[in-house]
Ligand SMILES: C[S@@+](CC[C@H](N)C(=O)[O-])C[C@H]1O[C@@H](n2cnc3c(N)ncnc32)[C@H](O)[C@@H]1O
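Just one chain is shown here, as structure tokens, and it is the form predicted on its own.
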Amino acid sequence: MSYDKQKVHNRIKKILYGLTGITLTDNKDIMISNRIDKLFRNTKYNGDINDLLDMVESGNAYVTEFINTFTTNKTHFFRETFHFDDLKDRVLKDFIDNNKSIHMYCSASSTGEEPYSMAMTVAQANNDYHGNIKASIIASDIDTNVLEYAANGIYKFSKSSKEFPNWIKPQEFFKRRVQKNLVGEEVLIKVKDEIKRMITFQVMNLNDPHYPFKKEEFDVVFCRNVLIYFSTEDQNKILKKLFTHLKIGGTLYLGHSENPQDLINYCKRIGQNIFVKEKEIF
């Protein structure tokens, strides 16, 4: 199938930005080429790429498949472990000491490893500090496929994996499943129901003008390694929206290459990309 490669790439970038706010830079052209084939597989469409994009752009068909194809989902359990150390030993210990429940938001669920890591941290903090705090976690993503994967809670796991911190014993939070044809030391593991029950997965676009949350609803917000897919201007807009839903004294965790931008005068940095909200934006 022949088409003007650069025009199609530019059109895909424009459509994706319009639908999600995600900016694909010029160094993503190889990725776009590879995912055009994936788009045809996902839609089972056998016509011209521009006809397919016409339908997406008009909203008549294949919008979900388009978004799921061109968004990136890269994650693992306890990524940037120091954030979970802080969550367990500072934030959750304080909630346990004061016998309060905690409400948290994960803004980029992807395949679920981050919100499940948050939930496991709650369970471990209860064990470590003899607590019984209740936690509720809302985890959102724009990709419906990864949310379905996350809700299933089944993962491949290697016994030699280093992604879990030394204070987590995976066997306490997962059940092993029997599966043939896995490679080497790999096994299938499934998140236990008591961990799953803490989390609600939902579809949400961070670029939407308003979020379906109350003002100052959350005690903790994880917004890590997702802002890098947005322009600087849109990053700032997203952070301001998230900030309005974070309580005074609440904690915002950002990814290693992200910064709080215009929020810096309204929060206090207390660790590596860990920020505590001190006052509201007026």
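Given the structure is predicted, the values throughout are model-derived calculations rather than measurements. Numbering starts at 1 and runs along the sequence shown.
The form predicted in complex with the ligand is left out here; the points below concern that form.
- Annotation: in the predicted complex, residues 101, 137 and 200 none come within 4.5 Å of the ligand through any heavy atom.
- Screening 213, 40, 62, 230 for any heavy atom within 4.5 Å of the ligand in the predicted complex leaves a single hit, 230.
- Across the options 25 to 33, 244 to 252, 46 to 54, 221 to 229, residues that bring heavy atoms within 4.5 Å of the ligand in the predicted complex belong to 221 to 229.
- Heavy atoms of residue 108 reach within 4.5 Å of the ligand in the predicted complex, making it an interface residue.
- With a 4.5 Å cutoff on heavy atoms, residue 120 does not count as touching the ligand in the predicted complex; it lies far away.
- The ligand in the predicted complex is approached by residue 20, whose closest heavy atom lies within 4.5 angstroms of it.
- Proximity of residue 204 to the ligand in the predicted complex falls within the 4.5 Å heavy atom cutoff.
- If you take 116 to 142 and check each residue for a heavy atom within 4.5 Å of the ligand in the predicted complex, you get 141, 142, in sequence order.
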